[in-house]
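Presented below, as structure tokens, is a lone chain in the form predicted alone.
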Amino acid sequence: MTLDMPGAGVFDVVVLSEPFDLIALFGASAAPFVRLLRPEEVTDPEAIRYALCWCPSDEAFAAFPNIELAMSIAAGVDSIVSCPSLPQGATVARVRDDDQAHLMAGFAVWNVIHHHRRMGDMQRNHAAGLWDRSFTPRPPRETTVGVLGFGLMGRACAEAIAAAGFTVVVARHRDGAPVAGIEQVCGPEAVDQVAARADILVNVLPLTESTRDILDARLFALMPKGAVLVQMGRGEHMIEEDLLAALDSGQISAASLDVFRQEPLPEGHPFWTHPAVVLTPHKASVSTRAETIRQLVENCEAISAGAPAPGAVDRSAGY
């Protein structure tokens, strides 16, 4: 992807992240449009107006009181909007990437089909040298797939799953325009209503105070006996002990898990060896580094011109 030189020149951007070295990750893509600086490299903290962030420490913004833009390196912004030192008036922005949404959608479809067609059984039969054609899948339209969340990622997932022939019902916060092949449920009970109907439940909700721990024993009990969970949202959405109990009881027959409360997933965690779990290392989708920097420049240019940042989120809503 080609970047045009920003009209205001090169932007100085401080990187704020506890788990990652963002300069090592993005530095090669940033020049000559952005100058990424570690906090200790900033000579005049009050002159810094832009930050590139992922899981900043509680005090990360304290030294930079004039930050006007805090941009996430990904779609999630929960660790930024909840940061105690984030300046009150700063714009929080995230990456909005159609290519990333398509990757997420493909991952969702792969997992839905994996469980619908019992591909795990076929893989085990392959390993055992067993030729078994006894399983006949029901038509996709007879399987209801619930999707929690209908933003950029959720809509892409729902549309792709519907295109594969499944019956799709989504839970969303606000009413929206009809979408062919997708039933929408809105309002405070939407998640419960969708979960109660879902043979396979795909989670792509944003992480907010109202969605934290939403995938719990109560919700699993609402789902049809033997339903499947595909968890691609945030690790903090799910109470892991509750899922393990639901899997062991058979209330949930299988789960695909891409995100976890602690990452990397600790050695010895039960998910590593649980026979009903398909585990992936938070790789459902990702934006390219060049695209992240392109959007960083775009947002910096907008803020510099006094215009709304294209990637801005509603800080009060958390997405």
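Please read these numbers as outputs of a predicted model, since none were measured by experiment. Quick note: we count residues from 1 along the sequence shown, nothing fancier.
Same protein, other form: the form predicted in complex with a further copy of the same chain, not shown, and the subject of what follows.
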Report the residue, out of Ala160, Leu244, Val169, Ile214, that has at least one non-hydrogen atom within 4.5 angstroms of a further copy of the same chain in the predicted complex. Ala160
Given that a further copy of the same chain is left out here, which of Pro137, Gly187, Gly181, Pro87 has a heavy atom within 4.5 Å of it in the predicted complex? Pro137
How about Arg117 - does it come within 4.5 Å of a further copy of the same chain in the predicted complex, if we only consider non-hydrogen atoms? yes
Can you check whether Ile113 is within 4.5 Å of a further copy of the same chain in the predicted complex, heavy atom basis? yes
Would Asp58 show up as a contact with a further copy of the same chain in the predicted complex if we use heavy atoms at 4.5 Å? no
Decide whether Gly106 counts as a contact residue for a further copy of the same chain in the predicted complex under a heavy atom distance cut-off of 4.5 Å. yes
Choose one stretch from 27-35, 40-48, 66-74, 280-288: the one whose residues place a heavy atom within 4.5 angstroms of a further copy of the same chain in the predicted complex. 280-288
